[in-house]
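Quick setup: one chain, the form predicted on its own, written in structure tokens, and binding and motion questions come after.
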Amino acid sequence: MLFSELAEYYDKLESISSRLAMIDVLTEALKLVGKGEMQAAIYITQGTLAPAFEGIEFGMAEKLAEEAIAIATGYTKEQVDSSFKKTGDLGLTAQDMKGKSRLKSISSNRYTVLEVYNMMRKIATTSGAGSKDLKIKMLANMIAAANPVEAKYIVRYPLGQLRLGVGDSTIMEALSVMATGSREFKKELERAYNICSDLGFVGEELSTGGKKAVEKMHVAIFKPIRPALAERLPTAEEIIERLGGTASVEQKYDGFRLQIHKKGIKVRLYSRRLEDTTEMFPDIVKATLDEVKVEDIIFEGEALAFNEATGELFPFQETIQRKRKHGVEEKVEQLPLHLFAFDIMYLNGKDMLHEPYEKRRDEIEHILKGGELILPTTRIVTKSPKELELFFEKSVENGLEGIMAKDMKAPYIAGARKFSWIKMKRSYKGELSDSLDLVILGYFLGRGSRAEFKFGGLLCGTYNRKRDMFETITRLGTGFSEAQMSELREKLDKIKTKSKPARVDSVVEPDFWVIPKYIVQVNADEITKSPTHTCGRERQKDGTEIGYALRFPRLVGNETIRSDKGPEETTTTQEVIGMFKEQKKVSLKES
């Protein structure tokens, strides 16, 4: 498939406001993709070079792309920069300047999708002396051989700014329709994606081997599994009832969630977002080799820094200092880590995902018996709400987040949020019982004292899994420092878009829309009903439409933007509705 054909479909996607229409267009495009290039086509559509765990990133600066455009079109760097300042989008600048190029095209080469992908991968992995000039030359060659529409996406791709608004769920639905004529096979595609975290690989398997190849996909070491997620409930009584009368209740730690893969003497660590973090935590790698005496294993745990002299666990503000690529050995000495293991997914050639939690927990305790740095989470098994409540209070008193209650009979549900895991976290007077992770959908310009920052707040939303849409829940303008306002404006300027993205449902109009990408952690006094926001919006008997909103929202957390979560991992609309119902129950009990 020629890249020019794919670029034309991207142009259609960018102008579409209906998600169903997006699926139809993407399905048409995927039908034209040849065998052997589906993986590349999906990676490009995702705006990536590889799944996160491979750690291959573009790292291309805008100035480098400007130089490439100038070389390919005959304009000066100053002229390219001037155009960029007007458009705010180097892709549009490339399209415009390619359309009125001062150079006569001397190349008859028409790049295929696979050739563009391979060249981009080469650009990303080129390093050493002279690598900058080589990267510019390779990108310039592609722009020179491209038509204007191709040039737009050839420039946007390595900058991470495709602006298509296509999520993984949309790609899976399009793959299902492409292969079967309906969306029903999406469930099987999602299962395969959840156990390998590589949608390009899943698509290639479907393209070359059909449905059976996808159905046969299984857990494999060094292909991380998308993590299971927890629901919320506010009281011990509801937790015990929901879990069938008996619960395994673990302490909930506020650290780095790590997925550990060990095969023989090789160990890899993956973050919550499934990025390879092995080099950051050499002490956890060594402890895995020393203390986990099995040949092959995949297990999960929470890593926290601790005081070697007292054994006291440090708060997350201390632990987060271990997240670094440089000066690692020094921090290992200053802030050693404990890893508290809480689940196991694979053991000596056996997929453990379908085993009941009780059996998986028994394996953890057996394997880690006698460990020093890697330990099972502290837990109780109880039928008593009172005992659960006391365990929760003790955990909070010890500085932990709260507790995680688990269904003893449930399998490990990869990539999904189910009531087989239920969290209960500490709360403070005048606050919701838990913070929300919200996706930034737009931003407002500053007024008054904030005018100099050109930043006045964020439009934030939840993710509706059923609709695969982002729905607004609040306008966030409190809790920002001056440095955070500057950081947000700089990041958001690079992903702003002239029109509302197709997967965003909003009646509020920000000064600038942005592609859903960044997550912020937010707390509020309560969730209220609102005619202004679309989160969970339903038509009332009187014809009005009412959704949910946050009362007195404010930015919280240790990072301005949560780096461990992607847009589809935000708090869901369904969770918000559940939290609203539960807060009403609590207020009635208190009154």
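Residues carry their position along the shown sequence, with the first being 1. Since the structure is predicted, the reported quantities are computational estimates derived from the model, not experimental observations.
Missing here is the form predicted together with adenosine-5'-triphosphate (ATP); even so, the following discussion is about that form.
Of the residues given (Lys211, Lys496, Arg191, Arg257), Arg257 alone sits with a heavy atom within 4.5 Å of adenosine-5'-triphosphate (ATP) in the model of the complex.
None of Leu229, Ala124, Val396, Val508 but one reaches within 4.5 angstroms of adenosine-5'-triphosphate (ATP) in the model of the complex through a heavy atom, and that residue is Leu229.
Shown alone here, Arg417 lies within 4.5 Å of adenosine-5'-triphosphate (ATP) in the model of the complex, counting heavy atoms only. Among heavy atoms of Trp513, none comes within 4.5 Å of adenosine-5'-triphosphate (ATP) in the model of the complex. By the criterion of a heavy atom within 4.5 Å, Ser207 is excluded from the residues contacting adenosine-5'-triphosphate (ATP) in the model of the complex.
Taking the partner from elsewhere, Met404 is found to have a heavy atom lying within 4.5 Å of adenosine-5'-triphosphate (ATP) in the model of the complex. Per the 4.5 Å heavy atom criterion, adenosine-5'-triphosphate (ATP) in the model of the complex is contacted by stretch 396 to 404, the sole one of 396 to 404, 467 to 475, 73 to 81, 132 to 140. Along 240 to 254, these residues reach a heavy atom to within 4.5 Å of adenosine-5'-triphosphate (ATP) in the model of the complex: Glu250, Gln251, Lys252, Tyr253.
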